[in-house]
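Take a look at this single chain in structure tokens; it is the form predicted alone.
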Amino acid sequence: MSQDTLVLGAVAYDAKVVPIWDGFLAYFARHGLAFDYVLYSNYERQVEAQLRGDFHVGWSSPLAWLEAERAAPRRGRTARAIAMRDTDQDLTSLIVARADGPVATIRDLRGRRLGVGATDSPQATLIPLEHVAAEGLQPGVDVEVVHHDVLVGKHGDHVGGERDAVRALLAGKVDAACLLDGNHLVFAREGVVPPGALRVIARTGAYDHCNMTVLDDAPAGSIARFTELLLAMSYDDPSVRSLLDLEGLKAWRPGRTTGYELLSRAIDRTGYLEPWLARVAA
């Protein structure tokens, strides 16, 4: 890998990913930073490639961040988050039920079916199930968990699994469904959810989503310039506004890692990452 060009790794969870990163490539070129990107089919491949040194910056899902953070020390490395979108901070997930149905609280889910997103979706599976467990119901024992495994490996970024979970709820195939708070509004705008059809029975605590992840051997000067240029992007600048719209933000923020506690507890309770960590550390 050339040390003259800063290379970013990202997952191709949607067709828009190519024009997004092509746009960033052009933006960085205008500001004198040699930049390129590589795309992966899933986050586990992306994290493993970053650990091998195949690229310098990873555009990480929250689960991919924890994968990198936990795998790096097993190889004598450290990981840090350098930037994130304003829209990555302080998110919540919802558990919703039909407004005309019998489920009004989490306690009402005992012996019923809960629709979740893809198995590896932080927002529509891992974090909501942790919330259910914290409320005293054991997922898979007290509550039947019905997964909607759309594009496993992409960590739910495509939101297809949670959309299917909501459709299953409306069709009466499950008794409640989990989804990102913001997608509750999106699905209503799309017409997936008729007005007044659902009620919120629970809301998780706040958590953070994606971040730009680097390891300790990334080129310090290029990383500093990359971070500076990201944070300088202004939504008031028409030359970058469409790019920010595609990536779903108004402003970049410095990276923080305090917002991953809920997801960390979820994977600790289930041992979700242990098989993968054992493999990559071997």
Partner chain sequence: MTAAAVELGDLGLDEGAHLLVKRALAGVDVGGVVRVRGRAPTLAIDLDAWCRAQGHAVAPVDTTGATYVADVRRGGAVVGRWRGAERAGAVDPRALGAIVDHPPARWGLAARGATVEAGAAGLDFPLCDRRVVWADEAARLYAQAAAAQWDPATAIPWDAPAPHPPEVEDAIVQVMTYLIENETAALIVPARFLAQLHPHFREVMQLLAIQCADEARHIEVFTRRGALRRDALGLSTQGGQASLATLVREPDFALAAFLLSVLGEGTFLSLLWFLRDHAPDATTREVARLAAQDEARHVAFGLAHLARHAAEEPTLRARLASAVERRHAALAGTAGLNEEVFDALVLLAAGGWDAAALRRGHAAVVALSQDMDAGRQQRLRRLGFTTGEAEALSSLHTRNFM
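Numbering follows the first chain given and starts at 1. Small disclaimer: the values here were computed from a predicted structure and weren't measured.
Form predicted in complex with its partner chain: not shown, discussed below.
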Given that the partner is absent here, state which listed stretch (157 to 165, 178 to 186, 71 to 79, 144 to 152) has heavy atoms within 4.5 Å of its partner chain in the predicted complex.
178 to 186
Sort through 238, 53, 221, 32 and report the residue having a heavy atom within 4.5 Å of its partner chain in the predicted complex.
238
Using heavy atoms only and a 4.5 Å cut-off, determine which of 203, 112, 173, 98 is in contact with its partner chain in the predicted complex.
203
Contact between residue 116 and its partner chain in the predicted complex at 4.5 Å, heavy atoms?
no
Decide whether residue 91 counts as a contact residue for its partner chain in the predicted complex under a heavy atom distance cut-off of 4.5 Å.
yes
Would you please decide whether residue 228 lies within 4.5 angstroms of its partner chain in the predicted complex, comparing each non-hydrogen atom pair?
no
Check whether residue 256 has any heavy atom within 4.5 Å of a heavy atom of its partner chain in the predicted complex, and answer yes or no.
no
